[in-house]
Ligand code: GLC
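So this first bit is one chain, no partners, the form predicted on its own, shown in structure tokens.
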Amino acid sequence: MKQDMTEQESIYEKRLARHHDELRWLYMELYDNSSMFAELCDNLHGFYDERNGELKKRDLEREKHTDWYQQNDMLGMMFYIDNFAGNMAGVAKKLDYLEKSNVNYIHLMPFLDTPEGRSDGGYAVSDFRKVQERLGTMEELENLTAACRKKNINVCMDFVMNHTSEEHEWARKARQGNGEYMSRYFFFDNDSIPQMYEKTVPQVFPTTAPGNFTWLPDIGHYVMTSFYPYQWDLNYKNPRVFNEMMYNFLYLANRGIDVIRIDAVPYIWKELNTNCRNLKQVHTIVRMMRIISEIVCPGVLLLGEVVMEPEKVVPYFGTVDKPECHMLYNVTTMATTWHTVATRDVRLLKKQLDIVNGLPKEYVFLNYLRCHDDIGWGLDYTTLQSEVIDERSHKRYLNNYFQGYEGESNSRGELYNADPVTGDARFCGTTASMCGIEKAGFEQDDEAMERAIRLDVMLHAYMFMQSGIPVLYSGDEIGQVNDYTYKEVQNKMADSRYIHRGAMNWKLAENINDKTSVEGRIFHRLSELEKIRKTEKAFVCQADTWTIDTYDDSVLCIGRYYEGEKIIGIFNFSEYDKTAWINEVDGMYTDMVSGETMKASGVNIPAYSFMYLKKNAAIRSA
């Protein structure tokens, strides 16, 4: 036992020695406070000591294989705990279903304690060390993560570090006039400085929560609230805020979390006369988080929520020598995918993929068709304008298309945060509803249903072909459609995002073994693709990935190559049969779904269909 403790201490000391000087330099550059740095180091040691043996063993394994998350077996699913299975104990009972869905990475949407009705979907945390009572307890969280480890399922959670709820202990004390706690936020007794901020800081929710400050008449102060009035921005210029939030971060990591999603990363440092986005101090903080995790819990990954184009989010990966986030979201490609569905034109998507494919292979993106949030049309309008496509009119077209009003659309959904002044709006809907499954089911049109399912499956096949880790939203694996019952719930009816956050329909999920049902057809086809992805090494993140000309603007082609193996994916975004003239005449290929052998040139692709073509191995002559 004593020898084991000595060995554990040696491991910690080696990690600390490797990172101490840089961590101190960054901390002192930001805060110039040696006593607070000493306190931080003492607490890092304490959290390491508290980390259980099973987690420490996992850390050691992952230190030896730092690319463990970059393999072709990673498939994620995100869900709200209550919508998926009621509570944490319920999720533990559904792990066999997740395994059957080929999922080995689950993102548990916000589950920490929040005020009822003023939580922004769980992103207004009132206690970072308490689970919402209706969802379970910290002990049940640890039980769930332990059960997931036994099945090699990684668990991701949200760490909301930009702000707290107004009901957080710090906020309550600040509201009582306690100066120490007021300094953890941004308080002003008049509007002169808030007005200066407003001149340069964009609004996050201009229609539902305009402005960046909230007046508190009970204490006669303004407080900075970038998101909603009940979410108070933390002041990271105060080293106490950084230290305490890092202690919360490590406490949660020690509950068995594998991936910590840093919410709203670009916002966490505020500076007057700037837009308070992506400032250099943000990168200092994220780099220190990465160092802290590598000292205490190196098996834990950092996932950054940065909603920008891939080439602009790249700084959040850091550098090879000084890495920051392990993974980032591929937001723009997601939005461009739906633009492609609505226009049947792959040119902008092809350009977007070329940008991503040109980035270093160490940069891992999470790819998805939709998530818990709305879809914002943050496209490359410079390129579109060169094709005489106006930004405002195009956004209007996209929103009309996905509501089913224009462009011979079969989609169904609703707008979110529509601004009548700018004409801007975001869109909400499930993948199935956006593909036409909801409309076809309502109209009982079998032909339309088959076409909608083909589009749905094709889009997933395309997502699996991208470089990075694919993530499903719970229910998409069975084609679950929009849930309009949110309109009947008082604290949800004003937020149309709940249309695609409906409860998992376990009654429909019982149909997955019936290949004649909608659910079974989608589940079976996706499962087939997921198994192909897991068994073909060309799908690893390190593979060379590129786009190939098809000489048809509605057909996308992606190539992947790794260690002598080559796969080509062809995707028809049109409702018409097409021929892809890809001119890949370097031998014969096999369709990995049908088993048919063919040349990769002049390939016929039915409407809303796809092909995975694998190059046949060269046959040596005797």
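Throughout, we count residues from 1 along the sequence that is shown. Owing to the predicted nature of the structure, the values given are computational and were not obtained by experimental measurement.
Keep in mind the form predicted together with alpha-D-glucopyranose (GLC) is missing from the figure; the text below concerns it.
Problem set entry | Contact segment among 430-438, 272-280, 255-263, 188-196, judged by heavy atoms lying within 4.5 Å of alpha-D-glucopyranose (GLC) in the predicted complex | So the stretch in question is 255-263.
For this session: Report the residue, out of R501, H326, H221, R525, that has at least one non-hydrogen atom within 4.5 angstroms of alpha-D-glucopyranose (GLC) in the predicted complex.
Result: None of the others qualify; the residue that does is R501.
Exercise. So which of D82, E309, E305, E519 gets a non-hydrogen atom within 4.5 Å of alpha-D-glucopyranose (GLC) in the predicted complex?
Worked result: By the 4.5 Å criterion, the partner-contacting residue is E305.
For this session: Would you please decide whether F205 lies within 4.5 angstroms of alpha-D-glucopyranose (GLC) in the predicted complex, comparing each non-hydrogen atom pair?
Result: F205 belongs to the contact set for alpha-D-glucopyranose (GLC).
Exercise. Closest heavy atom of K350 to alpha-D-glucopyranose (GLC) in the predicted complex, within 4.5 Å or not?
Worked result: No, K350 is distant from the partner.
Exercise. So in the predicted complex, does any heavy atom of H168 sit within 4.5 Å of alpha-D-glucopyranose (GLC)?
Worked result: Result no; H168 lies far from alpha-D-glucopyranose (GLC) in the predicted complex.
Problem set entry | Touches alpha-D-glucopyranose (GLC) in the predicted complex: V160 (any heavy atom, 4.5 Å) | Heavy-atom contact with alpha-D-glucopyranose (GLC) at 4.5 Å: present for V160.
Exercise. Taking heavy atoms and a 4.5 Å limit, what residues of 581-596 are near alpha-D-glucopyranose (GLC) in the predicted complex?
Worked result: Sequence-ordered list is empty.
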